[in-house]
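This document starts with one chain, in the form predicted alone, laid out as structure tokens.
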């Protein structure tokens, strides 16, 4: 069932088309006034990113740059912006979706012929992000998707493009989370879950699934294969807000695990313009902790020495505004003091199902998480 055939799909389609049309009408107005056509592109730079302490998310500032048609250095990008916008408009009107790679090829011949230069996908992707932030629409609302990466099982029934998916009957692989999970595509039905558990790694997620942790503890079990892609983050946001479920994040005890958690909780610097539709400020960090080796009597042999880049990244994270709580400062400083890091799989040293039968159940019962 095409997205546009649902009532919510038609409403979203109409709103997105209106935004794209408004972009073009602005140029038409400039031409009518014999002005150089221009568009304002919000700046996607570190200097234009702020942490909103009240909302507890990373936000993009209000700085913009103008892109003019009658400017030799800007005309190519100006033209690309409207060419790709028109391709997205046609996709929406046809009720079809495509990948960023397809979009690149759809534009490639024309731009190569016009500029006599090779047209690279990096250029196409950057312009697509410009369009996304300029019209204030998710890439997914422009009918652009990415490869599926992530899976879900647990106490939730989903309707995906008209097909009913029972998360309780998804076997060993789970439901493959698509990159477009907007309400017109994915709807939530019966939910018996008490919380959501995001596991960093597929291999550890499989242990939780095989042990049917989601059944015993009434939860929704998700993984994003490391740093969760946009579709997984957007789905977590929707489940947390629409189903009113707490979200717990289970990642490696290293600076990169901490960063994955912070992206889920506050949003990412690179996608600051989408934090309000992806970040889950109430997400809780449930492990691994830098204090777990001693607490659970794990052998030193299952730890790994911090590399120089780990130390550098940890010190950088220490300065982030959203890691200033004393509990987090203590956590990160202890990891630096120990000079060691732990992967989730290290818990297997205590037994193959130690993580699902003792570690996580104990932490949940004792409310041993960081906020």
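Residue numbers count along the first chain shown, from 1. Everything numeric here is computed off the predicted structure, so don't read it as measured data.
Another form, the form predicted in complex with a further copy of the same chain, is not on view; read the next lines as being about it.
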item: Candidate from 76, 168, 218, 189 lying within 4.5 Å of a further copy of the same chain in the predicted bound form - any heavy atom; value: 168
item: Residue among 260, 271, 138, 180 with a heavy atom within 4.5 Å of a further copy of the same chain in the predicted bound form; value: 180
item: Residue stretch of 329-337, 36-44, 50-58, 303-311 approaching a further copy of the same chain in the predicted bound form, non-hydrogen atom distance within 4.5 Å; value: 303-311
item: 4.5 Å heavy atom contact, residue 27 and a further copy of the same chain in the predicted bound form; value: no
item: Contact test in the predicted bound form: residue 357 vs a further copy of the same chain, heavy atoms, 4.5 Å; value: yes
item: Heavy atom of residue 134 within 4.5 Å of a further copy of the same chain in the predicted bound form; value: no
item: Contact test in the predicted bound form: residue 250 vs a further copy of the same chain, heavy atoms, 4.5 Å; value: no
item: Heavy atom within 4.5 Å of a further copy of the same chain in the predicted bound form - qualifying residues of 332-371; value: 343, 345, 346, 348, 349, 352, 353, 357
